[in-house]
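So this first bit is one chain, no partners, the form predicted on its own, shown in structure tokens.
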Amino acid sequence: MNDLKIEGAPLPDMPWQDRPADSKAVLWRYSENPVIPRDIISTSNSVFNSAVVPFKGGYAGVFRCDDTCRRMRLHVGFSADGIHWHISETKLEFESEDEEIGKFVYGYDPRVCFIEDRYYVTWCNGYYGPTIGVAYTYDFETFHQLENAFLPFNRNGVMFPRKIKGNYAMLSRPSDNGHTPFGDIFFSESPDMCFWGKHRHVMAPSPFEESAWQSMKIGAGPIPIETSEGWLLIYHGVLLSCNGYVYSFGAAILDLDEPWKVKYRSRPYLISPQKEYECVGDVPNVTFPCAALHDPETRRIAIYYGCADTVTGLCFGYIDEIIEFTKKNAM
């Protein structure tokens, strides 16, 4: 795919490890996984399902750190290389002019998206049940909380890195108040980051006999990457097995102008729980992608993903190979 164009700022020094000589995998794991252990701060029971972005010549992130009271909290972290992290011992505090939305109940599974001049944080926010919280920051020190994007119940709020037809755009997964036994991905847009509408259906779980790893529910993962082939979306899927839920992830390519239209969607997964740190933990058999770094020139991508709801893993690949794989193995 020599003519493939990939949008984004150059990131030549992003975290990277070459594909092992004996591997033909489209994505391969960092040999030193987990890249972030469960006890990186003194109060954490687990650190997983977190967001990472380039920031001031290094990297910043918003991390899900469930504490030893098993409360779901968000913490800010910084790294020079995207591998070795310093995560604040103090949980992230949002500033809000409206006391009604500023009451913190819980926060988990954040994403961070840079749009125009600021970083937007979306997360699963507790407001009479799970919904999509929204905030922005310029410096990862002060976070200004906005209105919740949707009514409860909703999860996996993932923004697009630019406006589409003049509006902000977001993917989400409507849910219920528990461990949702269903889930489709929807597209929504907003003129002002307050009122969200024009909801469009994107994808549903697949038939079991066609692609079982994504047959129960699905949800958007990292921020979509804009390419000349369309928006590259890494997303998770869930299989209901005889031993419980199994979370894997694959890829889809969405139309650039109408992202609710799916051009291609991978039948096979890219990563599934296979390593011990993915299979054994607080919630076994989970690989859950939430963030990706990429370099347009080299076409490299590094994906951060939660492992067994306990630690954070890292895997690598090439964007052109992922797109080729997705098109070749499309449903």
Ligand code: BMA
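What you see is a predicted model; the values in this text were computed from it and never measured. In case it trips you up, residue 1 is the first one in the sequence shown, and so on.
Same protein, other form: the form predicted together with ligand BMA, not shown, and the subject of what follows.
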property: E189: touches ligand BMA in the predicted complex, heavy atom cutoff 4.5 angstroms; result: no
property: 4.5 Å heavy atom contact, D109 to ligand BMA in the predicted complex; result: yes
property: 4.5 Å heavy atom contact, F288 and ligand BMA in the predicted complex; result: yes
property: Contact flag, H75 vs ligand BMA in the predicted complex, heavy atom cut 4.5 Å; result: no
property: Answer option from I41, L270, L293, V283, heavy atom within 4.5 Å of ligand BMA in the predicted complex; result: V283
property: Every residue of R64, K217 and Y247 near ligand BMA in the predicted complex, heavy atom within 4.5 Å; result: yes
property: Listed range touching ligand BMA, judged in the predicted complex by heavy atoms within 4.5 Å, from 135-143, 160-168, 249-257, 101-109; result: 101-109
property: In the predicted complex: members of 35-56 within 4.5 Å of ligand BMA, any heavy atom; result: F48, N49
